[in-house]
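There is one chain below, alone, in structure tokens, taken in the form predicted alone.
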């Protein structure tokens, strides 16, 4: 019996070795990436963020600019399954809110009315919206109320009575799209300019490297502030969105360009590059079809690691009032309302978007660490 078990173990190991020998580089990367638990967790969190942001109109009970006049500066209204009497309810509910005048400040303050319950309904019909880039029109929301006298603000409201939860969903779409577009533009610039410098060398290489050194020598934050402050104040929200994305991309391409240049410098004298030249391939084909694919995995890692920097840059600019502006909502725009001490003391829930930023950045770092390890599948 022991001999049979040993033989089975040896056969299993032999089969695993054979499978590894015949696997492609991308298969080896995926197998190693799957063993990185934190990277899988980070990827799952980011996938959920992307999913909820893409369908924000469906999951958000309100639009970003919709106001609840009866519940301005309202605290989070967490839902319940057990009422004040100890009874259990299968359908979640929130307690009603009534406004009472504060005896000291004479302000109308929302208070909890435990005698009245508002059951939360799912797949309710409310405001019309268009999603999937305006291709689908619907009025069904995942949860909410059909009666306007009832309202639900899971994460509270801001100074104007706008729902924080709904605004976070829409802001996630904006911030992640800025990161994706900015990283894509940086990726293209880095590959093109770094490829030209590394492949041709000489004077072209010197000019591009001096440009990279000049950009990297300027402090990043003052450069962002100067470029963002130069944007005309009368520009529309869409123009500002495009401009901020372009600014972040024009500054963030230098790291990838230097890496691409170094790789191409080490590859341009290899035998497979010489064979491509002798066969009559053009310079563009040699770089695009023969040299770049040989270290594409490392470029993908750089692409993933660049996401947090772009997102943090947009958040910082918008937080300082130089980036996105209303009516566009982003993580930085949401945090802009929490700049002063008074807001942080009276409405600490305005800092919840900051927690979302932290979670997103950590998730990107976990994903980047996993992809960095997987990029070299033969290392232990």
Partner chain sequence: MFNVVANRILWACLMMAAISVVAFTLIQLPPGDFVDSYVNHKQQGGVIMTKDEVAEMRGTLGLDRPMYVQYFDWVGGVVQGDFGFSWEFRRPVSEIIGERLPLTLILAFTTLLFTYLTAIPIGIYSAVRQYSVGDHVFTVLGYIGLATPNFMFALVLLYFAHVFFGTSAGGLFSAEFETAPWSWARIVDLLAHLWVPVVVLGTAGTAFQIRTMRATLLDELNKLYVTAARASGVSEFRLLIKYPVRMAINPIVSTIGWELTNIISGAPIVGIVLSLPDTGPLFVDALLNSDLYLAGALILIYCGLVIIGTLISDLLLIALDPRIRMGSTA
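Numbering follows the first chain given and starts at 1. Keep in mind the model is a prediction, meaning the values are calculated, not measured.
Below: the form predicted together with the partner chain, not depicted.
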Counting only non-hydrogen atoms and a 4.5 Å threshold, tell me whether 184, 189 and 280 all contact the partner chain in the model of the complex. no
Of 27-35, 313-321, 55-63, 40-48, the segment with heavy atoms within 4.5 Å of the partner chain in the model of the complex is residues 313-321
Taking heavy atoms and a 4.5 Å cut-off, does residue 86 contact the partner chain in the model of the complex? no
If you check in the model of the complex, is residue 335 within 4.5 Å of the partner chain, heavy atoms only? yes
How about residue 213: is it within 4.5 Å of the partner chain in the model of the complex, going by heavy atoms? yes
Can you tell me if residue 149 lies within 4.5 angstroms of the partner chain in the model of the complex, counting non-hydrogen atoms only? no
I need to confirm a contact call. Of 274, 180, 242, 218, which residue comes within 4.5 Å of the partner chain in the model of the complex, counting heavy atoms only? 218
May I ask you to choose, among 96, 227, 292, 154, the residue with a heavy atom within 4.5 Å of the partner chain in the model of the complex? 227
